[in-house]
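As structure tokens, one chain now follows by itself in the form predicted alone.
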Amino acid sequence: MNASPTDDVRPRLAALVTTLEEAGALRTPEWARVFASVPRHVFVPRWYEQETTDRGITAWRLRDASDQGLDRDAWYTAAYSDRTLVTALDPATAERIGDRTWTGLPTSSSTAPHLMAGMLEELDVHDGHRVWDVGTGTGYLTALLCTRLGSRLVHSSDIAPALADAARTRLASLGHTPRLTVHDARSGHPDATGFDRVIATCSVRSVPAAWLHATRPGGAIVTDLDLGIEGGLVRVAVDGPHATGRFTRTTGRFMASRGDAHTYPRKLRPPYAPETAVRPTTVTGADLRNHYPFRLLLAFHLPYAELVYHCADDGALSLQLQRRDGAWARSLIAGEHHPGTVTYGGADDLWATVESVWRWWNDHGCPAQDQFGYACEPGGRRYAWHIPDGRRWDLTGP
């Protein structure tokens, strides 16, 4: 029997559900009932609050029961807010800079409830479905699935033993006993196949073939794709080694999947090419930053390139596009309606691709992300396409 939320939590749960319904994230009564039944604070007894130091550096302040500045009401307010709460930092990058404060890269979190709600609605589960939840994390999403389907139909996997152990304890406190496993889920499930649904709260470069194998024909996978410049949530229907679907209207990004329980591997990048030229452009860094579907479309044209912020010595901020061979191009984040300049290095003018894609996107009515399809085929071929006219882009990449 599942434990019921206490009287002091029920109003907060009701308010969260109302927020998610008004935002369009919760769209069905079944999931509204589930979100109203699962106390999120059980899964975030501690988290890291983002701060900015006086030197402008992002830092993370630990908040938990031993924090004298945190009372129960503040804990509940954070837990029932519609925001992501970071719960773990990469020990390879974390550096203690204060009594309860660190710098470093997040490696685990409790995802914002609106994003979880949107993904679960996209998943389209039905009574009796077996579901594999990739990325147990705090266990909150697993608890939502258990409440909807029952524990015996829910499997969940995480790369980190400590996270899985903590999630198991929290889930048991609410009466949930799903099958939890610790492994790199990109290689498949160690003892189960035939899932009706797979949902992943970590990003992958492509839908792993092992996930297709683990999903029964007619089943579906919802995951976050990392295509380099941009990515997004896709829902694909599985037919053996084939999977076809589309980017979802729910938007959001997740931390990258990893093979290590604690840290991410360091990326090896070639030296940047010397500066080649500076020229005018009518597509600025602001255009790129402000239009998610445009960034996604650009990622189709330049698979696995990167988009990063660049800060000049004078403090001017640009968006920089860079490729694995060291070529790069950047433009200031200036006013949207003002012409700017682009600076680039390497043999190719990467910003010429930005301008060409910008023209195509505008000429086709600025299509949203759910107007683009995604497919995986045997042998590893992957491609995206514009659903209205069938234009395709190969995503196999380097």
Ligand SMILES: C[S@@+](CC[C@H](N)C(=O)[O-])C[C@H]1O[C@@H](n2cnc3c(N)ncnc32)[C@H](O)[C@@H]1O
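The model shown is predicted, which means the values in this text are computed figures rather than measured ones. Residues carry their position along the shown sequence, with the first being 1.
Separately, the form predicted together with the named molecule exists; it is not shown, and the next lines address it.
Residues within 4.5 angstroms of the named molecule in the predicted complex, judged by any non-hydrogen atom, belong to 109-117 and to none of the other stretches in 315-323, 74-82, 109-117, 271-279. Using a 4.5 angstroms limit between non-hydrogen atoms, Leu141 touches the named molecule in the predicted complex.
Though the partner is left out of this view, Ala209 does not reach within 4.5 Å of the named molecule in the predicted complex, counting heavy atoms only.
Although the partner is absent here, Gly137 is a contact residue: one of its heavy atoms lies within 4.5 angstroms of the named molecule in the predicted complex.
Using a 4.5 Å cutoff between non-hydrogen atoms, Ser157 counts as a contact of the named molecule in the predicted complex. Judged against the named molecule in the predicted complex with a 4.5 angstroms heavy atom cut-off, the residues Glu121, Val236 and Thr250 are out of contact without exception. This chain is displayed alone, yet in the predicted complex one of Met255, Ala327, Ala214, Ala166 has a heavy atom within 4.5 Å of the named molecule; that residue is Met255. Along 163-193, these residues reach a heavy atom to within 4.5 Å of the named molecule in the predicted complex: Leu163, His183, Asp184, Ala185, Arg186.
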